[in-house]
Structures are given as C-alpha cells and as structure tokens.
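Here you get one chain, nothing else, as structure tokens; it is the form predicted on its own.
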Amino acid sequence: MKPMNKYGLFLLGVLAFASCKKDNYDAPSSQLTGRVVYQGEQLGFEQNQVTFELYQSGFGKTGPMGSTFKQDGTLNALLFNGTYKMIVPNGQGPFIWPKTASGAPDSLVINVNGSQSIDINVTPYYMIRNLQINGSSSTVTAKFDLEQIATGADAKEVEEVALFVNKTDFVSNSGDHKMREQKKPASDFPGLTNISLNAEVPSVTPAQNYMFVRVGVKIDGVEDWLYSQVQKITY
C-alpha cells in the first residue's frame, strides 16, 4: 500500500473537520407545543395514534420528522429554530385536513423562534356536545349530543358511539385502555341528540374509589375515533 501524500492527508483532515462540525450542532432547544382545535375547542384522540409530520430543510435531512398527537389532542416537540411545514397524512384523524388540488395533504407553515404554543385548526366530522357524565361505585352514565360539522361532499355518517371506563387515565377503544365499555350502533339512536350510555364500574386490586371515563364516536369510513376529554369520576 502506497503511503498517503501530503494532499491526501490534508483532504482527510478537511473531511474529518467537516464531519465533526456537522455532528456537533447544538441540540434543539425550542419547545413547540400545540393543540388540535375546532373553533377553540380541543379535540380528543386515542393516545399516539393520530400521526403528524414536520419538515425542515437543511441539516442534511429531506424526510419528515414523524410524531403523534396525545390523547388530549396536544403535541410537544423539541426543535431547532427555523421554518417548518406540518402535514397530517391522508387517512389520519377524525377530521378534515386541508388538501392541495392534487389531493395531497396541504402544509401548515410554522415559524419556530424560541419556545411557543400554537393552535392547529381543523374541521372535525362531528363534535360532542352537552356531555354529562355521572358515576357511582357500580355504574357510569353518559348523556350527550352530537353536532355534525362536515357537510356536503365531506359529510360522513356516525357508525357507533361508546362509553369507555378504565382504572388509569389512558382511556380509548384500545384493549389496553379500557376495562368496561358500552357501544351502540347508529341504528340504536334515532338522531344526534339525547344519546345515553352506561357501563359497569369494574372491581380492581388494589381497590380505588375512582375511575377514568370518556365517550367516543366512530365515524363511517374513518379509522380514528373522536373522543371527549378524559374525566375522573370519584365515588
């Protein structure tokens, strides 16, 4: 093997310096928090199931930074300062995300310059209204109305509604996030008002005098449920 000449040693040093410089950016320090809302009202989802993507040019990356919304409809991301584009991929969420003329998800531009909080405005298919939840040591009851928001070509029917009960504050249709439930198909209630559900309160060990509950709405043709915010019932 031939010994490396002076030019080769110089080039190797430049590459090593550039690589070191690239790998030694300061860590991201700007906290972006946000919430998914309709007219200022926060939507509820299943924990870590509704995906969003952030894009930023530079730093040698061209692909998205993927993440998910929390069950209360919020996000929390640690980012570098700069301009980002957010999208929610097609098929994600119980809401309508704006699309381009070609049908691809449109982007929301977010200018990050220090920690900040944003509202992400969307159009849900339905909203849960006038929710009343009451509980005892044996039964939880929920009464509510639904308001149809998306109309015309975007309109979709309700497939079913449900009441979920869990011993922890993660509550949804997921098997790990429910201990008791009652579901009703749309055919069981004639309209969108005065919907009533009830579910048994489970016994747990060690015993506790509270449960966490929420109602959910399954929309026809939409994978992700729409949920109310989780409530703690003490008895």
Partner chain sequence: MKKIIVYSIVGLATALSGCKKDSDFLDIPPVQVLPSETVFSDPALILSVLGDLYNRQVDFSSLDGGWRTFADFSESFPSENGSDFLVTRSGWGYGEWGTWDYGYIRDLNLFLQRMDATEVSTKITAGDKARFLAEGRFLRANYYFEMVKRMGGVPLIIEPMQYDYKGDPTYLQRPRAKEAEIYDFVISEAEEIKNDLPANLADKSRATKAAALAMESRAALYAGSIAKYGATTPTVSLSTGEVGIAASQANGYYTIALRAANEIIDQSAGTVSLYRALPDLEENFAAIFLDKSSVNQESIFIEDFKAFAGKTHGFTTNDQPYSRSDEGGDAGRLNPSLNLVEQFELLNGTFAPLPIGTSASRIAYNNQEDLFAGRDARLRGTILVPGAYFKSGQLKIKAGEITSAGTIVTTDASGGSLVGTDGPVNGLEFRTQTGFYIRKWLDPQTGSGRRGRGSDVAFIRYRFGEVLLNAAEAAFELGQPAVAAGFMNQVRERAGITTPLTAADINFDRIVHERRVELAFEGHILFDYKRWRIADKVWNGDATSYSDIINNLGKATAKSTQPWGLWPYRVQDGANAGKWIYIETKPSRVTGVNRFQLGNYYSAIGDDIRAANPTIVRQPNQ
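Numbering follows the first chain given and starts at 1. Since this is a predicted model, take the numbers as computed values, not measurements.
Only in words, not in the display: the form predicted together with its partner chain, which the text now covers.
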item	value
Contact residue in the predicted bound form, chosen from N90, S136, N130, Q116 - any heavy atom within 4.5 Å of its partner chain	N90
Among the candidates G40, P190, G175, P206, the residue which, in the predicted bound form, approaches its partner chain to within 4.5 Å (heavy atoms)	G175
Partner contact for Q182 in the predicted bound form: its partner chain, 4.5 angstroms, heavy atom	no
In the predicted bound form, F170 touching its partner chain (heavy atom, 4.5 Å)	no
P64 within 4.5 Å of its partner chain in the predicted bound form, heavy atoms	yes
Exercise: S30 in contact with its partner chain in the predicted bound form, heavy atom 4.5 Å	no
Heavy atom contact within 4.5 Å of its partner chain in the predicted bound form, the stretch among 206-214, 44-52, 31-39, 190-198	44-52
Residues in 207-228 with any heavy atom within 4.5 Å of its partner chain in the predicted bound form	G221, E223
